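Only one chain is given next, in structure tokens, and it is the form predicted on its own.
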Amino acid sequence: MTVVSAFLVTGSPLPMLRPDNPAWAPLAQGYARAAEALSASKPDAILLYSTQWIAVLDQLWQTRPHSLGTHVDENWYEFGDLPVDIRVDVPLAKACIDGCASIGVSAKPVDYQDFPIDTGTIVADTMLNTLRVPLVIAANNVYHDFASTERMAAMAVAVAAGQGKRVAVVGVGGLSGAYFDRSIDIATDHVRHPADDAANRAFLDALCAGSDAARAAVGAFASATKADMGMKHLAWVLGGTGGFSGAKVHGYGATYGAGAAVVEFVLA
């Protein structure tokens, strides 16, 4: 079995930087439960796709073996800095770059000191990857749609299988996309629009019902809530797993008005 676990997680740094805040604690606690599940699955590598790493021309893959430093988020810098200590499975990442040709995608490696790794990748690696498993990090190309993102994830899993590696599949991104445009009391943070909150909860129910229900719901959900990048992070999970029979919602809440969740999938 190549895919041993799969997750959809928020890329917001707020639960990581302020897990003591009552409004963000459920997400931080959900991350802790998901981290336990990922550790128990004992992957050799994590195939990670973050909506926050934006690519425009080619499909980019991180191939620097070890990235170390400090990241300052462009939006939430007032809550603190993010330490970076990310290791990459370089042979698997390079094989994924080669594999992109088989699905008609032009791809390139990224390997230089102090490359600005995105907040979502850093948050997911820090909070989920307690085993310090090496990552394979794929960028979110803005010209790739839901279906092409699925194909890319399936290709990455096939490449991992060819190398005899067990992998966790992780999609990093949010749910409803309406942030507060004013300062708020963070202790009372909540999903900005009640309709978005209801839609988020219904969509999480669809995930729990399995991949067929998720596919049936995702288009209308993304359109109605201006969901993060059209939920392409879910496409990554769908393509990587080939489908799932259900899900466990480990945490749900708001990140300054936008919806966020930590979800573990039940593999089919």
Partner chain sequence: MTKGSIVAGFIAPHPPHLVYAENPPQNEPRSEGGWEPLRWAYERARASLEALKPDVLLVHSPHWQTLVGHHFLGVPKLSGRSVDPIFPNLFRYNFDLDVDVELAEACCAEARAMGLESKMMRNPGFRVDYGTITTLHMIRPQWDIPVVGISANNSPYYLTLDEGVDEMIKLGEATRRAIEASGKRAVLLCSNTFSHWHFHEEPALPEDMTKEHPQSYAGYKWDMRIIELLRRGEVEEVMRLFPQWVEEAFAEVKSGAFPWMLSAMGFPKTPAELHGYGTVIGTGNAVMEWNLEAAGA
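Not measured: the values here are computed from a predicted model. Positions refer to the first chain, counted from 1.
The same protein has a further form, the form predicted together with its partner chain, not shown here; the description that follows concerns it.
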{"property": "Which of 88-96, 182-190, 157-165, 123-131 sits within 4.5 Å of its partner chain in the predicted complex, heavy atom basis", "result": "182-190"}
{"property": "Heavy atom within 4.5 Å of its partner chain in the predicted complex - the one residue of A216, A32, A224, I54 that qualifies", "result": "I54"}
{"property": "The unique member of D212, D58, D205, E36 whose heavy atoms fall within 4.5 Å of its partner chain in the predicted complex", "result": "D58"}
{"property": "In the predicted complex, K108 touching its partner chain (heavy atom, 4.5 Å)", "result": "yes"}
{"property": "Contact test in the predicted complex: W76 vs its partner chain, heavy atoms, 4.5 Å", "result": "yes"}
{"property": "Y256 within 4.5 Å of its partner chain in the predicted complex, heavy atoms", "result": "yes"}
{"property": "Partner proximity in the predicted complex: V72 to its partner chain, non-hydrogen atom cutoff 4.5 Å", "result": "yes"}
